[in-house]
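There is one chain below, alone, in structure tokens, taken in the form predicted on its own.
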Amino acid sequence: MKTKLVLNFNPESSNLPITHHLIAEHGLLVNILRAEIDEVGGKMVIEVSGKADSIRKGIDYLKDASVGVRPIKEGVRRDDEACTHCGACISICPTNALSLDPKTRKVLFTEEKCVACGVCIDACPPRAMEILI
């Protein structure tokens, strides 16, 4: 089983070795898609793979450690009406899910390539990108 999670850290939980614990104690594979954490808190987007029961226990551990956990069920969505095709998202997308059509000069979004890291959301001036949870 595989699931994507958005983790929110407060000052107390920001220094915990959570990925180590998820791997060593729960036998999960953890792929960090995006992380911005410092001593005052932050956010991390991860993809976790393993047995369903291990994932559930890992999520319980995170909640007990005061880490906010939100599953990402749908990924990222682009509001085509709000998108101005400025291209600000293209160069920062780590998976090339966003690209420029050379003929139309419009931004293309290939959802199958998207890992829901959220980088495009921060970069989008008209706020046309959003994580669906």
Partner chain sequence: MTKPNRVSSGKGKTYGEIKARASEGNAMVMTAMEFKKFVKANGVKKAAKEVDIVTTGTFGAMCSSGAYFNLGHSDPPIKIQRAWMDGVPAYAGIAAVDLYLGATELDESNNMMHGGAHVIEDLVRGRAVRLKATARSTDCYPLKEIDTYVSLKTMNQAVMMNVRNCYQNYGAASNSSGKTLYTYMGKLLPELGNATYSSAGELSPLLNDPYYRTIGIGTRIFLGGGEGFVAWEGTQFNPGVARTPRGVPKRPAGSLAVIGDLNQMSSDFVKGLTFTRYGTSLGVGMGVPIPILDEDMASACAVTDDKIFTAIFDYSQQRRSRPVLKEVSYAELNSGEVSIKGKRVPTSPLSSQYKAMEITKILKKRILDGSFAVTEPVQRLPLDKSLKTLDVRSEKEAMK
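Positions refer to the first chain, counted from 1. Quick caveat: nothing in here was measured; it's all calculated off a predicted structure. Between two forms, the rigid core is the largest collection of C-alphas that superpose within 1.5 Å.
One more form of this protein should be noted, the form predicted together with its partner chain, which is absent from this view; the next part is about it.
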One stretch from 45 to 53, 99 to 107, 63 to 71, 22 to 30 that, in the predicted complex, holds residues within 4.5 Å of its partner chain by heavy atom: 99 to 107
Exercise: G41 in contact with its partner chain in the predicted complex, heavy atom 4.5 Å: no
4.5 angstroms heavy atom contact with its partner chain in the predicted complex for G87: yes
Contact label in the predicted complex: P17 to its partner chain, heavy atom within 4.5 Å: no
4.5 angstroms heavy atom contact with its partner chain in the predicted complex for A35: no
In the predicted complex: members of 115 to 131 within 4.5 Å of its partner chain, any heavy atom: V119, D122, A123, C124, P125, P126, R127
Post core alignment: S99 C-alpha displaced by 2 Å or more between this form and the one not shown: yes
After fitting the core, E12 CA displacement of 2 Å or more between this form and the one not shown: no
Closer or farther in the predicted complex, the Cα atoms of V45 and C120, when the shift from this form is 3 Å or more: farther
Direction of C-alpha distance change in the predicted complex, T95 to P17 (at least 3 Å): closer
